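Consider the single chain below, provided in structure tokens and representing the form predicted on its own.
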């Protein structure tokens, strides 16, 4: 029996394109296996675990906040009819057009001590210094979570809304006939049926969050992404930076594996 392994011209172009696109990843994997004991071991013994902790907490917080924002809004747009619904749907997608660090700059200027919000509060209540009142500090890990979630939640909104529209609304109606309230139907029927779409969207949000550099750097939050930048340009160690990037790649591969298995 003979097997024909000949490839057409377009298949060769596709394979060549895929190989060229994967070259940076292949080089990164190759570089991460090179010996570099001094810089990487120093980071491992000092700050690397803090960077990893901040990254994991940041991703978890962004995914949680994105779910709180996007899931109810997607359910509302998919199963409800109200005035201005079409405008409401596309308006909820607008944050994707705004870079995350621009949102961070705007909100920082608004809520900083010298910003208009705190200045107005001091003028109204007669406060003279920060000791007279408490106000949240936006340039923290929690603030970075909120800023990134405000930009990335449309991914989950769009994917979950599409998944709901492809489902049969009769299932929701049947649950309500059985005595489920709209809220209980949302948690007991819509969420389980759309868990595949939710997992895919959260995996995408996680990757975008891990890749973000400008926002976390502006907020002085140390993550694996900032560690790669600092190690490469601060310690001049490409190998150590590649090893840190390998940690991020393994985490992303784990996320994708969970998504595929789910």
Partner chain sequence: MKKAIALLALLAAGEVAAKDVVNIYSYRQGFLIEPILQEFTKETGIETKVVFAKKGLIEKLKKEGKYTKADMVLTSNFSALLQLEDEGLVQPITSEVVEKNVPAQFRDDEGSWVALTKRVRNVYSSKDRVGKLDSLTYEDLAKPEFKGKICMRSGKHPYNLGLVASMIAHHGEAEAREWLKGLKANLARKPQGNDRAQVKAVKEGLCDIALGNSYYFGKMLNDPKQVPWAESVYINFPNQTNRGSHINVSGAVLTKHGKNTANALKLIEFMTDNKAQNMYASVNMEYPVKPDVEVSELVASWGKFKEDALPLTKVSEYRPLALKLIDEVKFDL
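Residue numbers count along the first chain shown, from 1. Everything numeric in this text was worked out from a predicted model, so none of it was measured.
What follows is about the form predicted in complex with the partner chain, which we do not show.
So the partner chain isn't shown here. In the model of the complex, which residue out of 60, 235, 53, 33 has a non-hydrogen atom within 4.5 Å of it?
In short, 235.
Among 204, 47, 64, 214, which has any heavy atom within 4.5 Å of the partner chain in the model of the complex?
Exactly one listed residue reaches within 4.5 Å, namely 47.
Contact with the partner chain in the model of the complex for residue 180, defined as at least one heavy atom pair within 4.5 Å: yes or no?
Result no; residue 180 lies far from the partner chain in the model of the complex.
Would residue 221 sit within 4.5 Å of the partner chain in the model of the complex, counting heavy atoms only?
Output for residue 221 is yes: heavy atoms within 4.5 Å of the partner chain.
Decide whether residue 43 counts as a contact residue for the partner chain in the model of the complex under a heavy atom distance cut-off of 4.5 Å.
Judged by the heavy-atom cut-off of 4.5 Å, residue 43 is in contact with the partner chain in the model of the complex.
The partner chain contact at residue 38 in the model of the complex, heavy atom, 4.5 Å:
It does: once the partner chain is placed as it appears in the model of the complex, residue 38 has a heavy atom within 4.5 Å of it.
Work out which of the listed stretches, 83-91, 109-117, 67-75, 172-180, brings a heavy atom within 4.5 angstroms of the partner chain in the model of the complex.
Only one stretch passes the 4.5 Å heavy-atom test: 109-117.
In the model of the complex, do 130, 139 and 229 all reach within 4.5 Å of the partner chain through at least one heavy atom apiece?
Answer is yes for this spot.
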